[in-house]
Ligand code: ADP
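Consider the single chain below, provided in structure tokens and representing the form predicted alone.
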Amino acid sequence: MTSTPKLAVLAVGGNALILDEKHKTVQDQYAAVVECMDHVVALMRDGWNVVVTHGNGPQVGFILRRSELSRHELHEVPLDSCGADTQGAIGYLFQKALVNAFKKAGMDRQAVTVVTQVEVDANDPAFKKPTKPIGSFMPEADARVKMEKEGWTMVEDAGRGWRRVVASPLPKRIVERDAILTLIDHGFTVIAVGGGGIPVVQNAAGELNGVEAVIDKDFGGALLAASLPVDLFIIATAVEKAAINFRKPNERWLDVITVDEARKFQSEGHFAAGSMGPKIEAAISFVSRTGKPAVITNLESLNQAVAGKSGTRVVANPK
């Protein structure tokens, strides 16, 4: 009798699919996905079942820019629909790469993407203070028109122009959680909660409505992992390990840290808000909820990190 595979959720950043400014096309992104999925299949051959979630920031930006450029001929695409579009498109790339990798590895498996809604609280304070930049840069005059006519919140971004910002509320519930679990139980490799999930709120009648917001993909991945019988939550990033005093003479790479240590380092400002900070927060959230470990590493070190030989592992506080 074969043992039941251990279950991991792997969160891959949307920027991991775009290697640099010269490699942004769909074909370029697929080439990056193929390499990523090869690492996933290697992990599965080591006895893991893997649920994959991913970012979509650059890809949503592309859709918004196309929408802006064609507004004189076509309707603009709402932000929640952009999230759905990218979940399907990126999920397709993942599925295709996985099917081909499974065949190459002689594995009889199928992959499936679940376009996933994630409920947020309509009263989340984030809606009163939008902070998440989206879309393209524009001159101040155009930004003023958008603010006046469309009610957008716009900010000047580091001298590069004005940019729209939207709310980034915390995820509360994976709407399609039961469907995802059923697919896992039936042996499918699932891609879900892309881009942190499509943010929806529930009205007084219990109906779901999409909102103009963006959920942090690491927070969405942490909620997905905590909602499933997961043994390990993996956050893939650009570096092998997290560090304190990053890029300073006293830089120290972190191997294993407890939740309390992670919170301490976070409060001391060691993890930047736009890069490692959300990943550490997501790891803390998952470990605190489940008592299971989380690992932060790059894709090249994935198998070694899962085996405890690389990456930064966040673990529960000792009892």
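Only a predicted model underlies this, so the values are computations on that prediction, with no experimental measurement involved. Numbers for residues come from their place in the sequence shown, where the first is 1.
Omitted from view is the form predicted in complex with adenosine-5'-diphosphate, to which the following refers.
Taken together, T237, A243 and H270 are fully in contact with adenosine-5'-diphosphate in the predicted complex: each brings a heavy atom within 4.5 Å. In the predicted complex, no heavy atom of S70 sits within 4.5 Å of adenosine-5'-diphosphate. In the predicted complex, adenosine-5'-diphosphate sits within 4.5 Å of a heavy atom of S275. Taking the partner from elsewhere, K279 is found to have a heavy atom lying within 4.5 Å of adenosine-5'-diphosphate in the predicted complex. Checking 229-237, 82-90, 95-103, 183-191 against adenosine-5'-diphosphate in the predicted complex, the stretch whose residues place heavy atoms within 4.5 Å of it is 229-237. Along 246-260, a non-hydrogen atom within 4.5 Å of adenosine-5'-diphosphate in the predicted complex is carried by F246, R247, W253, in order along the sequence.
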